[in-house]
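Given next, in structure tokens, is a single chain: the form predicted on its own.
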């Protein structure tokens, strides 16, 4: 029996990739400003494309939200990689935590997405949990190697505590409140050189 030659997978066209990026950027802004009231029609309009184009990329609102969330996660991973070059490993870890809180504070709906990171029944659980704990692990390892962090603290400890803080604090002053709590928590884990976030 003659074997069929496997055809090489075609790369996405440039206009396809451009439209996808425009949709993700627009969706992030629409979700931020409208939260749970955001509509796919509103996202398509903000991106300057037709609703049919949006549905070709993201057939459901959930699929679009997940794609936006994945991009946010990737940004946090990239930030951790950049911060590995910082001279002070504890300051680098603190900066990453602050950036994460700032991201959540400025994007309505991201709290719900963040909760998915600890919801093992969600499809995005493995991706988000692995990515975020991996990002924390890179920075935490440097702090431990420098003798600046308790040896028994784990990336999972930090992530779950951060998520808990974000979920229990809502309303005006959210970012300042959670940042203060996160600093108190980190101060309790660090040792040496008097490191403090200092609001």
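Take the two forms, find the largest set of C-alpha atoms that superpose within 1.5 Å, and that set is the rigid core. Residue numbers count along the first chain shown, from 1. None of these values were measured; they are calculated from a predicted model.
Form predicted in complex with the DNA: not shown, discussed below.
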Pick from 126-134, 65-73, 154-162, 39-47: which stretch has a heavy atom within 4.5 Å of the DNA in the model of the complex?
39-47
Does at least one non-hydrogen atom of residue 51 fall within 4.5 angstroms of the DNA in the model of the complex?
yes
Might residue 19 be said to contact the DNA in the model of the complex, defining contact as any heavy atom within 4.5 Å?
yes
Would residue 176 sit within 4.5 Å of the DNA in the model of the complex, counting heavy atoms only?
no
Can you work out whether residue 191 and the DNA are in contact in the model of the complex, taking contact to mean some heavy atom pair no more than 4.5 Å apart?
no
Between 56, 144, 169, 32, only one gets a heavy atom within 4.5 angstroms of the DNA in the model of the complex; which residue is that?
56
Would you say residue 155 moves its Cα by 2 Å or more between the shown form and the other one, aligning on the core?
no
Quick check: residue 186 between the shown form and the other one - does its CA shift reach 2 Å or more after fitting the rigid core?
no
